[in-house]
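Given as structure tokens, the chain that follows is alone and in the form predicted alone.
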């Protein structure tokens, strides 16, 4: 078994993990980045469509700067956010983030006169290089920065367990090389989990195959507090067919260089969402789109799996092609975006909730364990926010390292994980494959914990997940027993993380007895700011878990009402 020693172990090669590594390197602290895929080439960060302008960057007025803050707190997080953290983050993004990116060579799209092209409305964004694809050049840049700095990376290696020192502190990780099947232990003084916002827990999801909620499951097993897991965000306009295209969005948000954007049409041919009519200032487009779709589904004119359409046939396609990638699926299918609409469907996007952290340091409730970016439950989406977390966690880890004594890993953790993984590889039951069981888990979540849910559907989801855990997992069968490039083995490892995370999400959904933004419960239709403007905290106990409700402070922005039907709330 290979062992690598360093000061800090970073799990995840997206925006948060890469920037944390760069910041630690600048401080002279050694780190190693371990990535399930390829650093800068996999995960959620590469799917960033654009970069939201914060503060008074690139001509933003003071009013637009305040609008961006309101957007983040109210429309993007439904007030389930530390507003002091949001203010610190916004100030850093304005003063440091964009300047650092341009110095590093990231190109923001400009027009023929050399002016940076922005989207219209009170909330403006820019693209690098084109809208819909900004995450790719952004993460290519981060990958190159890590390489130039000489920061070690261990790629295509699935981290399967957090390892404790003999003092009880989290001090390392157990990994498995996807290509060779060989185990590796990476030991440090602290561990940063930066495994991202997205997880593939529903039948339709923007998450890629490797996103199986690993960070969430491992943090929970280590004893970390979780919060707001029920707050799942959804895309309303991803291509319905084929399934491999479900991450391709017919984006109905404002687009660069045009006053128009995609519109949505129901099965009866009636337009039911147009950004310019329904949310002209683009404050809360995702939630506004979702609620518009919910009304169509309830009226029998659409379904969450399709039966409605989106497109740009009300505008000049040249405006779509100039600065965006959104015409691409039409041309690939031999369609004309000036005439044709595409059938679209809902996909699960980011999870707003996650691991509970101290937002000043990114410490979790477990000694030695830090979390950065989307795995934390303190904010939803946006690549700039994940990057700010990378900066913050590097400072938090650096401040603590000088006070941490050296300690060896607990050998029992390593032995137990080695045995667990080998037992999975030898699974020889008479049941289904790991891939089939993954699909069962996703189906249970889609049917019982999808866009609209109730106590009855959530209890049904729990019952289905329990049956999978009780009957399908013990009977799981692997046809491939080799170690080399055994993706069936990786699926078997993923299954256990997925079912653990899925059950936690459903329990949290049952606990939040209201509807809020994209979280819609038919049995509790009101947004309840009297009782539920609060973090829904899940604390592990010896025999299970308990919930704690921790109210959020609202020093800068307030909801303005006590209770209201969520379908009538703009955010």
Ligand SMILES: Cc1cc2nc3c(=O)[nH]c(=O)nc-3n(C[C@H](O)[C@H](O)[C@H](O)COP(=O)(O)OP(=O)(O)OC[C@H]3O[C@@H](n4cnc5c(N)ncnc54)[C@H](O)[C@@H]3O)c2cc1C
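This is a predicted model, so every value here is computed, not measured. Residue numbers count along the first chain shown, from 1.
Although not depicted, the form predicted together with the named molecule is the subject of the following passage.
**Student:** Please determine, with the chain shown alone, which of 224-232, 456-464, 430-438, 193-201 has non-hydrogen atoms within 4.5 Å of the named molecule in the predicted bound form.
**Tutor:** Among the candidates, contact is made by 193-201.
**Student:** Just checking whether residue 518 would be counted as a contact of the named molecule in the predicted bound form - the rule being heavy atoms within 4.5 angstroms.
**Tutor:** Because no heavy atom of residue 518 falls inside 4.5 Å of the named molecule in the predicted bound form, the answer is no.
**Student:** Residue 35 versus the named molecule, in the predicted bound form: is there a non-hydrogen atom within 4.5 Å?
**Tutor:** Contact check for residue 35: yes, within 4.5 Å of the named molecule in the predicted bound form.
**Student:** Taking heavy atoms and a 4.5 Å cut-off, does residue 254 contact the named molecule in the predicted bound form?
**Tutor:** No.
**Student:** Does residue 206 reach the named molecule in the predicted bound form if we count a contact as any heavy atom within 4.5 Å?
**Tutor:** Residue 206: yes, in contact with the named molecule in the predicted bound form.
**Student:** From the list 285, 121, 381, 368, which entry has a heavy atom within 4.5 Å of the named molecule in the predicted bound form?
**Tutor:** In short, 381.
**Student:** For the stretch 7-37, I need every residue with any heavy atom inside 4.5 Å of the named molecule in the predicted bound form, listed N to C.
**Tutor:** Residues within 4.5 Å: 11, 12, 13, 14, 15, 16, 17, 34, 35, 36, 37.
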